[in-house]
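Given next, in structure tokens, is a single chain: the form predicted on its own.
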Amino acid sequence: MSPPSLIDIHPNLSDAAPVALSYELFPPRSPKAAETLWTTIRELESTEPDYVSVTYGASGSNRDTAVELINRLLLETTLRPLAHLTCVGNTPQELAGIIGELLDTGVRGILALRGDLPKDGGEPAAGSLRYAQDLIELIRRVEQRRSALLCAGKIAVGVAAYPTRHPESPSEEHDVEVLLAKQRSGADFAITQVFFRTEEYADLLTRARRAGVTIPIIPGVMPLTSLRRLKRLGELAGVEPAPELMERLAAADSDIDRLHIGVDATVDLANAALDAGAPGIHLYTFNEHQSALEVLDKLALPRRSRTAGRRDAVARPQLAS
């Protein structure tokens, strides 16, 4: 029998990573929305997230504004963008060009998504990619061709995961099989779609690990503070939000009361995910910072300051040569 390796005799090495923190943003649709977004960006930047994801419209409908936002984040902030990319309706050649453009701007993380099917019920254009799995493989091919430019580095590829059954899926088991296929194609991590009940993330994690999924699965948590938004997302996701929470939000006497009720419910959701073993929290901000910061304040995540490390490095006296 071989002697234990140095890694084997230090079992606590796997516990060394701090809890990851990230936010989702979407490109602004007007100058006024852009002003509000950049106020949010500056507020969120102060929390030193590990990355921020930037959404991408169906079939790339807002591609230019998404790329513009990513460029500004790279040039004007300390934030690391994770670029959403959808594949339905785009050919491999078109997508390879978009991936190259993103890499040229400095993006090193891509969230690979299928995207929405055509609203008219028709088939996607001939020759276009059909599944996120195909997009992952395409990203890896582009990466391989550009390995010298990336210093032989690696693009971080994320994918979506579903705590409750995807509306188009036959079963939750099928969703896990799809997630496993994405992992085999080269996905590095997954971010879940919104969920509303504390047990749903743990249930997904159990099913995924039993099936052989080993990549990190990060819970995507939505601040549960807007009754209108909860109803809308429940319809889109095909999942009914908790009726008791909806009733409490509807009965609240003021926006402040609704904020407190929603923040407490969101913190309970995030803490349940962390207790189940979540490696981080991804907050869907809807380009608003107040609810996200309230949630973050109550969560009190164990975080390490990147800024402090940079300050110490700058302040450290240089040795004479």
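Small disclaimer: the values here were computed from a predicted structure and weren't measured. The first residue of the sequence shown is number 1, and the count goes up from there.
Another form exists, predicted in complex with a small molecule; not displayed. Remarks below refer to it.
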Check: At 4.5 angstroms, heavy atoms only, are Ser22, Val52 and Arg108 all close to the small molecule in the model of the complex?
Finding: no
Item checked: Of Ala208, Ile215, Met246, Ile191, the one that lies within 4.5 Å of the small molecule in the model of the complex (heavy atoms) -> Ile191
Margin query: Under a 4.5 Å heavy atom criterion, is Thr86 part of the interface with the small molecule in the model of the complex?
Written below: yes
Check: Hey, in the model of the complex, is Ser226 touching the small molecule, heavy atoms inside 4.5 Å?
Finding: no
Check: Does Phe286 make contact with the small molecule in the model of the complex, using a 4.5 Å heavy atom cut-off?
Finding: no
Next item on the list: Check whether Leu233 has any heavy atom within 4.5 Å of a heavy atom of the small molecule in the model of the complex, and answer yes or no.
Entry: no
Checklist line | Per-stretch contact check against the small molecule in the model of the complex, the hit in 97-105, 178-186, 142-150, 197-205 (non-hydrogen atom, 4.5 angstroms) | finding: 178-186
